[in-house]
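To begin, one chain is listed below as structure tokens, in the form predicted alone.
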């Protein structure tokens, strides 16, 4: 099946794109197209107007600047997967990138497009939450910065206004005693997550957990924060018992649904296990301990 006819615009600057979003009636933004194009093909989406931002070269970047890792709206999943900067300093992002769908999708799909899609089974939203990240949007009234915790409202629904364009997502540059990790359970390559957990741990000079971030994938109506587990970790020294308790708290705060891949109780148990594993990896990457997960 072919898509229904639509009006196609190709801006070459952010300002031009925002003007189009403001002036056109119900426009849909196209970046990587790995969600939109299949929906167009099967006519599950029938936009009258598509604003294709792939010609805006200024949005194609992945770098550190002003104390943040900044990922532009046209940076592909594969850019994250193959980045030396990511491999060296951002363990959770390095873990997540090769787990996104399959190579074809990673080569075309964008990190920001995935965040904008707001699928609760998407990986990047959980990492933005774990890292206290932000979504930067440009609209007719200028730039707006939206904390990740406030961005995801419902499945496929966000705090973004119709005339705003996401230009980048960003997370703070990690400190010297910080580690992060992402663990994900999926049935096979190309599948969405059955459950996933992203973790960030920051330690003080005495090896005590100064701050913790935990984001969960596919176990609530949006990517969700395990705040009870975070609170339990902060101010404590890492240990297998502590991480086991945090895993249990994260599972209790998740709200998965039963489906053909497993019942809710099984997915809660996976949140528990994945949280413990991710915490262990994060602590090890921070250089604090070698093993903090029970065998």
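All values reported here derive from a predicted model rather than from experimental measurement. Numbering follows the first chain given and starts at 1.
There is another form of this protein, the form predicted in complex with a small molecule, and it is not shown here; the text below is about that form.
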| item | value |
| --- | --- |
| Site test, 31, 113 and 192 vs the small molecule in the predicted bound form, non-hydrogen atom cutoff 4.5 Å | yes |
| Candidate from 129, 218, 73, 201 lying within 4.5 Å of the small molecule in the predicted bound form - any heavy atom | 73 |
| Contact assignment for the small molecule in the predicted bound form, among 148, 212, 171, 165, heavy atom within 4.5 Å | 165 |
| Contact stretch among 102-110, 87-95, 173-181, 203-211 - heavy atom within 4.5 Å of the small molecule in the predicted bound form | 102-110 |
| Distance check, residue 270 to the small molecule in the predicted bound form, heavy atom within 4.5 Å | no |
| Contact flag, residue 253 vs the small molecule in the predicted bound form, heavy atom cut 4.5 Å | no |
| Proximity of residue 122 to the small molecule in the predicted bound form, heavy atoms at 4.5 Å | yes |
| 4.5 Å heavy atom contact, residue 117 to the small molecule in the predicted bound form | yes |
